[in-house]
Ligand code: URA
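In structure tokens, the next block holds one chain alone, the form predicted on its own.
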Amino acid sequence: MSPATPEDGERLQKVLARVGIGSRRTCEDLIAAGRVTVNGERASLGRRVDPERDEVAVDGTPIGVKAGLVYYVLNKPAGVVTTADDPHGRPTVLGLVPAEPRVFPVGRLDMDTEGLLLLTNDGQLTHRLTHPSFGVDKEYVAQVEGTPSRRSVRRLREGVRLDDGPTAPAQAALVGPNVIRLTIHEGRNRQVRRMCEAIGHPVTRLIRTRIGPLADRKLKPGAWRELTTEEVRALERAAGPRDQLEQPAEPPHGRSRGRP
């Protein structure tokens, strides 16, 4: 990726200020302190960048600087599918958020699963959040049939064998007579449901309550909001550095990785 020439692009501090890193003066101080890189190289004051091409990081955390990037969190209700289009005419998550600019879901929740879902047009961040190498934690609350024993919950913590192999160790706790709080970092298809079924307690209701550092207990089912700048930066940190991954040209369309 070729850096912008002195005559091209926008001043780096202006770009950083526009995406909410801080005031322009604060951004100038960050650059002067050597905390900002462009395409992996430490930036200096006066540097110009092309937001459509250059990769900018602050303290090693990549920052989305392309114009028009948006980030939504949706509290997905049951009965809504996590696809861009549905051939059966069922309601989709895209019908619950603004039509423009067009966004795509980050990962999937199956039709009957409720809870937090990210939607964005930032293909780079989407790729990193869903890539198995980084294992961003996702927390669920599962209402199940019967009351799991301590041994059953311990099996979830240690990993259970599924038809596609054993699961990684998870965080699991019984928080009610028939309610399990489970945190996983894998993204297999219907994984939480299959894990609970494997210990003999099928799920009757499933809600995702946290994605990495992001949680929102006040967001009502079917409601959405834009992420704050700090929330986006926290997700960027949780997703890890870009240079360890192959980069997709565009956000994923339609289907994406497994559904809990």
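Here the structure is a predicted model, which is why all the values come from computation and not from measurement. Note that residue numbering follows the sequence shown and begins at 1.
The same protein also exists as the form predicted together with the named molecule; that form is not shown, yet it is the one meant from here on.
In the model of the complex, does each residue in the set Y72, R102 and N121 place a non-hydrogen atom within 4.5 angstroms of the named molecule?
Result no, not one residue of the spot touches the named molecule.
Given that the partner is absent here, does R48 sit within 4.5 Å of the named molecule in the model of the complex, heavy atoms only?
R48: no, not in contact with the named molecule in the model of the complex.
Verify the contact flag for H127: yes if a non-hydrogen atom of it lies within 4.5 Å of a non-hydrogen atom of the named molecule in the model of the complex, no if not.
Close contact is absent here: in the model of the complex, H127 is far from the named molecule, nothing within 4.5 Å, heavy atoms only.
If you check in the model of the complex, is E145 within 4.5 Å of the named molecule, heavy atoms only?
Contact with the named molecule, no.
Counting only non-hydrogen atoms and a 4.5 angstroms cut-off, does D137 reach the named molecule in the model of the complex?
No.
I need the one stretch from 93-101, 164-172, 107-115, 147-155 whose residues put non-hydrogen atoms within 4.5 angstroms of the named molecule in the model of the complex.
Careful reading of the contacts points to 107-115.
Within 4.5 Å, heavy atoms only, which of R193, H201, R233, R210 is in contact with the named molecule in the model of the complex?
Checking each option against the named molecule in the model of the complex, the one that comes within 4.5 Å is R193.
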